[in-house]
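Shown here is one chain on its own, the form predicted alone, set out as structure tokens.
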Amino acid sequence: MIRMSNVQKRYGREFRAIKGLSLHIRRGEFVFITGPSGAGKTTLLKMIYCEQKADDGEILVNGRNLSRLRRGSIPYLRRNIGVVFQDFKLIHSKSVFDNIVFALRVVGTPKSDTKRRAWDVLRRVGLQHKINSYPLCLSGGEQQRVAIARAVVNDPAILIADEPTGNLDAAVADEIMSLLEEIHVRGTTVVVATHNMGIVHRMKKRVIRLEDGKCVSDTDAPDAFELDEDKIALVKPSVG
């Protein structure tokens, strides 16, 4: 589904955000990307949905080699990738319904299908009663639910979430992660960048940890780790 081989990303001549990164995310996985600020988490995600291009190495997404992808083909790639941001990025001048419909119209969904699909996805995230509300009238958690609904309304194969709980309190953050888990169970490959190690620890998914643009650990068994709440990091338990 997503494969990176010796990927490099530079900003300017000196700073390398990603340094020789290789990884493989399989179809149907739920994967956390963790690491301190500046580790390269957001850069990694942006390269997956072609917001940024790798300087070296190879990235394959859903069978497509992104280094060979023409600019005009990027919108077609993104039809299969939903993206959720920390700051929601909703259109404040549009209602909840119109934010969802906008995502459908961008990819050419027939007008006869837009209302039904917008209603269905809002029901899935529990916001059908907010269909005529505007983003700034919603709580942070509700805005993020609308953002998730917009990201998945086109049934993407991949859902990318960059710090989706960063602006939310703990209880609401857990609700958002439960919603992402429901989306994953339906068959979507989910990749979440986060610094919230409490959530990572509770959800027990695969964890790829970045530091200084490099992968320093990749585990499918989070139970083999314990949470160091003072450092907010994954640390291996002592052996013996």
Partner chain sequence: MFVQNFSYFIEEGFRSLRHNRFMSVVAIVTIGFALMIFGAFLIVYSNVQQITDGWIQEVEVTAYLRQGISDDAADEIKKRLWENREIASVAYVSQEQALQRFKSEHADAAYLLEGLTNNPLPASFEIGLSKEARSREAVERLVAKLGKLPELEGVQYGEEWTKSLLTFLKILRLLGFILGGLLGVAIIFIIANTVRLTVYARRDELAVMRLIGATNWFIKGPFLTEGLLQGLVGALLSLGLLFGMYHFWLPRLQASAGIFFLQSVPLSFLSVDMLLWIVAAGMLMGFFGSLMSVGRFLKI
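Residue numbers count along the first chain shown, from 1. These numbers were taken from a predicted model, which means no experiment stands behind them.
Just so you know, the form predicted together with the partner chain exists too; it's not on screen, but the next bit is about it.
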Checked L127, A103, L138, I158 for heavy atoms within 4.5 Å of the partner chain in the predicted complex; positive is A103
Exactly one of D174, E51, D212, D55 comes within 4.5 Å of the partner chain in the predicted complex through a heavy atom, and that residue is E51
Assert contact_stretch over 164-172, 138-146, 115-123, 89-97 against the partner chain in the predicted complex, heavy atom within 4.5 Å, equals 89-97
**OP:** Look at the candidate spot formed by R26, G28 and G63 and say whether the partner chain comes within 4.5 Å of a heavy atom in all three of them in the predicted complex.
**Re:** no
(Q) in the predicted complex, does T109 come within 4.5 Å of the partner chain, counting heavy atoms only? (A) yes
Within 14-34, the residues having any heavy atom within 4.5 Å of the partner chain in the predicted complex are none
